[in-house]
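Consider the single chain below, provided in structure tokens and representing the form predicted on its own.
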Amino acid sequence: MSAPVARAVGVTRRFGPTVALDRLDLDVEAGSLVGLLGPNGAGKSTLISLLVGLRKPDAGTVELFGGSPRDAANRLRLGMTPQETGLPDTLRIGEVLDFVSRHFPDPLPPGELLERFGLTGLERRQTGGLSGGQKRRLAVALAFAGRPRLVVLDEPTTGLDVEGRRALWDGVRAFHADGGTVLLTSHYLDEIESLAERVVVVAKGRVVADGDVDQVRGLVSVSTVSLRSDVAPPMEGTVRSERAGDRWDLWTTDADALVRRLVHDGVPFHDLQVRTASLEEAFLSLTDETEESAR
């Protein structure tokens, strides 16, 4: 097998007394599309900052294309959009693209880049006159300007409307279909489900799950029992519950036992639905378990 395009081995990073990453291991294989999930403070952005050379680990090893991410030569094959970006208000989109493209030996044609991210026809628009969604799409498009082998996107669709998110998804898929490698973080779980081939869940600075969407769900033996009832159903055996009017959503490790209990106790209910855990529910359960074990 070829070497991973990015790798973290036994990486620890502290900020004062806070341990952001705790002996974390991660390989990003060439041609993969990896979704990185975790609650705020889990260590996702810290991990990305190490992989792209913005910070150094306190312990462990970080590699980018087999070398140090602090080496500018290795970063030539890297594209990145951080969570926070700034664009000069007075420059036109075409001027920004030209400036960034000149840093690379074989950049993508500007027209192709603009089309890929739904910005065609805006070349002469000043960035200060763009909507928030258009600015974000431009910031993401710039990550692809130099024909990178690896693109790292940290919360790429924050602030985008549905149309903008779909345009960005299409651009990421096109890059990946051509053999590109993508590592992205997102708080939108449907985004990870739609895009990622592999899901890595980070909590308390460690990887707590790693696999495809179905495998991550399978790590959490939780089902959702949803029903309508005017009285409270039994809560024994549930791990979470939510109520909206007469609709009850109960998360349980044994859906069959819970339904039998409902019938045995004579609880009046209708519109019963039972389903396996979604990625979001798996994510919440995994991170909750990590929080509990850390106490």
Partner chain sequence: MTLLAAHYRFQVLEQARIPIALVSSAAFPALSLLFFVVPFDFASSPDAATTAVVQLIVFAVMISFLFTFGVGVADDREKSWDPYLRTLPAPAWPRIAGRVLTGATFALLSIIPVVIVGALFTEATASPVQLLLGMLALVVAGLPFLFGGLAIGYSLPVKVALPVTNLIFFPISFAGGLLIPPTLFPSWLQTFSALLPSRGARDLVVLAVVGTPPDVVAIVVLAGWIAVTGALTVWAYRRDEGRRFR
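Remember, predicted model here, so these are calculated numbers, not experimental data. Residue numbers count along the first chain shown, from 1.
Not pictured, yet referred to below: the form predicted together with the partner chain.
- Message: Based on heavy atom distances of 4.5 Å or less, which listed stretch (106-114, 174-182, 208-216, 81-89) is in contact with the partner chain in the model of the complex?
- Response: Single hit among the candidates: 81-89.
- Candidate spot A3, A42 and K44, all three touching the partner chain in the model of the complex (heavy atom, 4.5 Å): Answer is no for this spot.
- Query: Considering the partner chain in the model of the complex, which of R166, R147, H187, R102 comes within 4.5 Å of it through any heavy atom?
  - Reply: Contact check passes for R102.
- Heavy atom within 4.5 Å of the partner chain in the model of the complex - the one residue of L195, V96, L122, L130 that qualifies: So the residue touching the partner chain in the model of the complex, by this definition, is V96.
- 4.5 angstroms heavy atom contact with the partner chain in the model of the complex for D58: Because a heavy atom of D58 falls inside 4.5 Å of the partner chain in the model of the complex, the answer is yes.
- Message: I'd like to know whether A232 contacts the partner chain in the model of the complex, with contact meaning heavy atoms within 4.5 angstroms.
- Response: Contact check for A232: no, nothing within 4.5 Å of the partner chain in the model of the complex.
- Message: Since only the chain is shown here, I'm wondering whether L26 would be in contact with the partner chain in the model of the complex (any heavy atom pair within 4.5 Å).
- Response: Taking the distances in the model of the complex, the answer for L26 is no, it never comes within 4.5 Å of the partner chain.
- Decide whether V52 counts as a contact residue for the partner chain in the model of the complex under a heavy atom distance cut-off of 4.5 Å. Contact check for V52: yes, within 4.5 Å of the partner chain in the model of the complex.
- Query: Can you name the residues of 136-162 that have a heavy atom within 4.5 Å of the partner chain in the model of the complex?
  - Reply: Only a single residue, L142, comes within 4.5 Å of the partner.
- Task: Work out the direction of the Cα-Cα change for S49 and T85 in the model of the complex: closer or farther than in this form? It's 3 angstroms or more.
- Result: Farther is correct, given that in the model of the complex the C-alpha spacing of S49 to T85 is increased by at least 3 Å.
- Message: Please check whether, in the model of the complex, the CA atoms of A139 and E84 lie closer or farther apart than here, given a change of 3 Å or more.
- Response: A139 and E84 sit closer together in the model of the complex.
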